[in-house]
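Only one chain is shown below, in structure tokens, and it's the form predicted on its own.
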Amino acid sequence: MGLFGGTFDPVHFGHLRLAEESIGHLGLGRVRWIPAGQPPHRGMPQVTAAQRLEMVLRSTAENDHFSVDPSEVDTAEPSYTVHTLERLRRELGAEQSLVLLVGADAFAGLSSWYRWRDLFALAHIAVSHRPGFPVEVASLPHELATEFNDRRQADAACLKASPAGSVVTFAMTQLAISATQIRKLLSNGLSARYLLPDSVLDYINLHQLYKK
């Protein structure tokens, strides 16, 4: 099972392609999306957690390989990844293979996450990167680079062999789309069409989200 957490403020085609391509590259059976309720690594989102959850639900509804976990939205506690993984371990058991999906930029900052070393005992980590631009070990903090070198596996088949502990990388189609870009366009009254699903854009327009 792939696990894809994030603020999704708002969800867009870059998020959807990462989740979709991870299934093929990593041999995942499904991807569980986990919108953060109270993201601890950034300021509060411009819209409510319930609204971000609804946008993720709309964007993933037609993909049978996607499911959405609302648990982080339903709590007032900060959405620390390690706590999320501990909860999923209690729910799914110790033997389920879990694969945490992260982008290369997010992975580079992993050593600043709360209890980051504990993540490896709870899940594998799969790092997506631009084609032709693999993860640069030399640019990682020393402690993270050491973990990366010690845990990296070239064959994604390793993800099925154990429940946690490995790091794999995969190249995904590069889409130069960001939630920041979308929010700026909407704030300035400009079109964000073709950057995110129409169902999400319709919801944004209906509720006048991200407007000045």
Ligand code: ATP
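These numbers were taken from a predicted model, which means no experiment stands behind them. Don't overthink the numbering: it's just position in the shown sequence, from 1.
Note that the form predicted together with adenosine-5'-triphosphate isn't included here; everything after this is about it.
For the options V137, A106, A121, L92, the residue carrying a heavy atom within 4.5 angstroms of adenosine-5'-triphosphate in the predicted complex is A106.
Think of it this way: in the predicted complex, adenosine-5'-triphosphate has a heavy atom of just one of S178, T48, S67, T146 within 4.5 Å, and the residue is S178. In the predicted complex, adenosine-5'-triphosphate sits beyond 4.5 Å of every heavy atom of V73. Contact annotation: L186 falls outside 4.5 Å of adenosine-5'-triphosphate in the predicted complex, judged by heavy atom distances.
Using a 4.5 angstroms threshold between heavy atoms, V102 counts as touching adenosine-5'-triphosphate in the predicted complex. Taking non-hydrogen atoms only, M172 approaches adenosine-5'-triphosphate to within 4.5 angstroms in the predicted complex. For adenosine-5'-triphosphate in the predicted complex, the listed stretch (178 to 186, 22 to 30, 150 to 158, 58 to 66) containing residues with heavy atoms inside 4.5 Å is 178 to 186. Along 1 to 36, a non-hydrogen atom within 4.5 Å of adenosine-5'-triphosphate in the predicted complex is carried by F4, G5, G6, T7, F8, H12, G14, H15, L18, in order along the sequence.
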